[in-house]
Ligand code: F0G
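Coming up is one lone chain in structure tokens, specifically the form predicted alone.
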Amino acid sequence: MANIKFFSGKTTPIEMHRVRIIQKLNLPTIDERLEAMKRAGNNTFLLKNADVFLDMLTDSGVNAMSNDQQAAMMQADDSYAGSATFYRLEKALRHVFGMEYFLPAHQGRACEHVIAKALVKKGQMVPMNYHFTTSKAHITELGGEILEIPVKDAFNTTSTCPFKGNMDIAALKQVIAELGRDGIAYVRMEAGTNLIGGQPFSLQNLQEVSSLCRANGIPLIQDVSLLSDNLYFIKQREAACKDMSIHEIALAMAAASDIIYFSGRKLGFARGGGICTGNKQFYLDIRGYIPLYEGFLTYGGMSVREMEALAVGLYETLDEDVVSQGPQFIEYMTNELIKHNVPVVTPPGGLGCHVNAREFLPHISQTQYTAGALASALYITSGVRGMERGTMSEQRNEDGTEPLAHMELVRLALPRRVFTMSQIVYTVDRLNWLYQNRYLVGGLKWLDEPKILRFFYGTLEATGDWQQKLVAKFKADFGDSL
């Protein structure tokens, strides 16, 4: 990806690839979108893809593969044990991260599951820069607790802090002093804090956390699912790393960690997942859970075709033209929304553009799921499917009370090598219109609220008839336009 300056003076991201295979899209009418949203219980996860125009729900498993990845899938060795495919993937991971041992799993949350099973004991704490929904669920299901200790700028939606994903070193020192080695299962760093706007951490901060952990005999585990974006931001924003290659940064990040794990649905433009370590004892401690929960040690629940594509995708991740596309598209979209005064998270992070729903809809209480309401309204008025990242994505306390999220965001993910610039422009236009008519939007309330990971499959209904009023206003402004 390159930021090309035009004769007009405008700078626009230019794709450093050409499209060779396409998939037809469908844009339902606004009446059809309203009915689809009702059928989905105002939960964008429950929309059928046939009803979606631009799918910005996630980048997991929906990044476009390269021609090299497609070709590699044809050489897959489907042996149950000892597959040549596994060893090609293992070789790629050793090259990228420099770690000796690799355990495959079917996706990132599977890695979280077996790591937690191996290392978390009841009552232990897991300090982290910020939680992810499934990482928190696996730890708490085993009787552990999480402790979020990001830097103070982490929750400032409008900021110039380049690394809002950094961990507070002073706070970590205090936690270690209070709990000791036995009270802490491990420290977790997430490369690209998903729930607070895809914000990165710096290599310096990671290394400081690593030094503190190693001095106290505490394992440091890194979730590198969003590694690609974090690599780009370190190179662009961290002065000490500007002359390092993307690969050198990746090796340095891995060297600071005892264990790294990833979702291949994000990292590597394919599907699958894995755990890497340079520590044989950690490898042995976790290894037994792979055949028990995932599959044999040389496939771990992945298809061999996915493994071949992932191996090639990992090498592509080291290409600066490849890792820059996501952040540059996101920065462009964020800046265009700022021109229209649409509230967004700054600085632009990775994964997607994050709209600040609390500022967008200041009249809607978090108890009525501000970000969920905005995601519903955006789909109805545009056919764009985003993801709620707010109070809906939390889980209730044991006493049934509702914890309010630090942020109410609608994430508009930009999968790599998928969208065109005109589609970004369309999304910005519809968000601009919705912001101008924001006081028509109302809240949501639960119809069916699951106890675990409710945001995935729970259903809600609108409070009042605000959706019908929104549709009427849209038709008045756009006529018969979709």
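Position 1 is the first residue in the sequence shown; the rest follow in order. It should be emphasised that the depicted structure is a prediction, and the values quoted were computed from it without experimental measurement.
Note that the form predicted together with the named molecule isn't included here; everything after this is about it.
Counting only heavy atoms and a 4.5 Å cut-off, does the named molecule in the predicted bound form sit next to every one of R109, F132 and E190?
Every residue of the candidate spot has a heavy atom within 4.5 Å of the named molecule in the predicted bound form.
Using heavy atoms only and a 4.5 Å cut-off, determine which of M387, M99, A185, I286 is in contact with the named molecule in the predicted bound form.
Only one option qualifies, and that one is M387.
Which one, N432, Q423, Q70, S60, lies within 4.5 Å of the named molecule in the predicted bound form by heavy atoms?
Of N432, Q423, Q70, S60, the residue with a heavy atom within 4.5 Å of the named molecule in the predicted bound form is S60.
May I ask you to check whether S376 falls inside a 4.5 Å heavy atom distance of the named molecule in the predicted bound form?
Outside the cut-off, so no.
Taking the named molecule as it sits in the predicted bound form, is R411 in contact with it (heavy atom to heavy atom, 4.5 Å or less)?
Yes.
Although the partner isn't part of this model, could you tell me whether E308 comes within 4.5 Å of the named molecule in the predicted bound form, counting any heavy atom of the residue?
Flag for E308 set to no.
Is there a heavy atom of R88 no more than 4.5 Å from a heavy atom of the named molecule in the predicted bound form?
Because no heavy atom of R88 falls inside 4.5 Å of the named molecule in the predicted bound form, the answer is no.
From the candidate stretches 109-117, 395-403, 312-320, 172-180, select the single one in contact with the named molecule in the predicted bound form, where contact means a heavy atom within 4.5 Å.
Of the stretches listed, the one contacting the partner is 109-117.
Under the 4.5 Å heavy atom criterion, name the residues of 248-271 that approach the named molecule in the predicted bound form, in sequence order.
Read in sequence order, the residues that approach the named molecule (within 4.5 Å, in the predicted bound form) are S263, R265, K266.
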